[in-house]
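Before any questions on how it binds or moves, here is one chain, the form predicted on its own, in structure tokens.
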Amino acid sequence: MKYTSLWLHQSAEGGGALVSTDASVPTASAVIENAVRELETAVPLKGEQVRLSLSGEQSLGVEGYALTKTAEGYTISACSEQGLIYGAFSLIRQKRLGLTEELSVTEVPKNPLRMLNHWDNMDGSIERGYAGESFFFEKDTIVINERTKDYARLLCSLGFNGIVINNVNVKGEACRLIDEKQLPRVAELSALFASYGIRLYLSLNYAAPVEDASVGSADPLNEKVAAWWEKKFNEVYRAVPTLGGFLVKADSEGRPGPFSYGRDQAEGANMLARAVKKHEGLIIWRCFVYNCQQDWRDLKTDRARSAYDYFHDLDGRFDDNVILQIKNGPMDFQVREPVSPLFGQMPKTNQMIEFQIAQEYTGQQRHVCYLIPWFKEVLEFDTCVLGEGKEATVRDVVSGRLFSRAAGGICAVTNTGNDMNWTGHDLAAANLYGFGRLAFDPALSAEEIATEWIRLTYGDDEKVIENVKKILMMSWPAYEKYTAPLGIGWMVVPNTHYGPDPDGYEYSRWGTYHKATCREIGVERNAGGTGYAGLYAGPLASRFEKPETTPDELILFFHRLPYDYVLHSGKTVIQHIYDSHFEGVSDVDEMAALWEALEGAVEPGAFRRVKERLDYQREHAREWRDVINSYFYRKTLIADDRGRELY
């Protein structure tokens, strides 16, 4: 292997596999050629035959496949080339997992769009990147090499069908990647990904026409602006016909947008969507729009409300080739947030959910934090938009199933870079693998996904499987325990978003406040406060309106409470803070011991790297514990019931 943690890696022995295709399969297709190459080289099939067949089985849809064991070997059937290559990788995975004796698998991806968002800049840096530099860009040049090819292959093996390669905060020249000088390399990269069935998307600078003297505006209702984009998109698609579309961040954190001209978000998105429609392109419009110049003294303005307030009333006004990309929670990828109330409340609009596997607020890939259990909770959350007794989960909303929407899906800000092991922390690769598997099949459990990844990465040693799975499954709850309590979030060092700083954002412009005094803490978001709780569908609004019915893990997000308030757990708020931080440190100690017990059972280099990271995490967890507990002890002068030392 050239890189560690590259599961489904190519094998040195092909085993004499014979791959045949039906006459209906276009063997000259790059997608099919890649499927055949993978089957012939990725695992030893020991003479078994693999037959690829394009069928008319409509239940498989555009991307589904059926994989069956036959007397001669295996048959992969699909309605498209894309389905065949997914079936090929599924067979490779099943073989590596030893699950082929009675093999009969039929899979149809549940989400139309399954995408990774890279926040890579053309100078090679990555915004919120924790695994080295970009492998797409270097010195304002697109890089295409063996690593790029390996990455396309890796993403296809997980079922991704879309990728955005550049930062949503488009920097530098107005047009950058859509400039005619860059388009030949964009076309080459797009063709590479297309050969694995993955469509390339680009982040777009909404204000690009402003820098053209003949236009000088980005007003979406200005005919010159619309004509500028139509001409630009015609130029782009002539050069890059396989391009999927564009991702846009507008009117947020200093980014210009339609608000600058007194227009709404639908007018901005639709102007671009109409210009790209004839090319069958999509406009993915981020809903991360909020006032980032908030006065901390203002007790009514609530950042959590922003996406709902700016978008909810526009339902039905977005064109069919627009997808709203909505963060999983209303704030910004915290270790715990409520699910965004927008999901399910815009039935006439395409929606997709945005997660973050780059661990910006969850340890930055220096701490192990397996996020798939958290993502599962979000996807299984019942939005209650159909009323009592009629399930309406987030996963059914974003897949388009609930409201019969053709476009939608799931994406994540990715955690990859040019480090040898792709993700910085070896165990962080479980988040990339897990997110891909979950996007394809949200019914998979976090435990199933973890077990698959461990076996594909470390082999079949039962002790390794048991210990690593326990580490992964403990890691997110542990991180939550020793960082920010009861849903208040943040408490991190500003700008870097790393390490404990309880008041780091408390008097800033960003709207991320916990408002702790010596008597109480939290933000009142019920009807007597900001009204945020009332944005949810009926039963949820009632649940979040009162602290008595709000889950403990979110109680300080929704309510302002005295420190002696008794939670459902039977503990007071302040005692929960103390206990959870001590428990979190103990959990990390246990995780480190579980890994240390694997010495000799794991490849030495991998063992050393993970041990070093866990040793660091143990010390940093103690720093979090002592800073947060001391902050609240000094604030309240309330002693720990268990008599532990507070500083």
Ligand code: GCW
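Start at 1 and count along the sequence shown; that's the residue number. Just so it is clear, the structure is predicted and the values come from calculations on it, not from any experiment.
The discussion below concerns the form predicted together with this ligand, not included here.
Asks: When the contact criterion is heavy atoms within 4.5 Å, does residue 168 count as touching this ligand in the predicted complex?
Replies: Yes, residue 168 sits close enough to this ligand in the predicted complex that at least one of its heavy atoms falls within 4.5 Å.
Asks: Mark residue 127 yes when one of its heavy atoms lies within 4.5 Å of a heavy atom of this ligand in the predicted complex, and no otherwise.
Replies: Flag for residue 127 set to yes.
Asks: Although this ligand is absent from this view, report whether residue 315 comes within 4.5 Å of it in the predicted complex, heavy atoms only.
Replies: No, residue 315 stays farther than 4.5 Å from this ligand in the predicted complex.
Asks: Report yes if any heavy atom of residue 361 sits within 4.5 Å of a heavy atom of this ligand in the predicted complex; otherwise report no.
Replies: So residue 361 counts as contacting this ligand.
Asks: Quick check on this chain: which one of 480, 419, 545, 332 has a heavy atom within 4.5 Å of this ligand in the predicted complex?
Replies: It is 332 that has a heavy atom within 4.5 Å of the partner.
Asks: Since exactly one of 114, 559, 249, 367 fits, which has a heavy atom within 4.5 Å of this ligand in the predicted complex?
Replies: In short, 249.
Asks: Could you tell me which stretch in 261-269, 336-344, 284-292, 97-105 has residues with non-hydrogen atoms within 4.5 Å of this ligand in the predicted complex?
Replies: Result for this chain: 284-292.
Asks: Does every residue of 514, 552 and 581 put a non-hydrogen atom within 4.5 angstroms of this ligand in the predicted complex?
Replies: No residue of the spot touches this ligand in the predicted complex.
Asks: Scan 564-602 and write down, in order along the chain, each residue with a heavy atom lying within 4.5 Å of this ligand in the predicted complex.
Replies: Stretch hits: zero.
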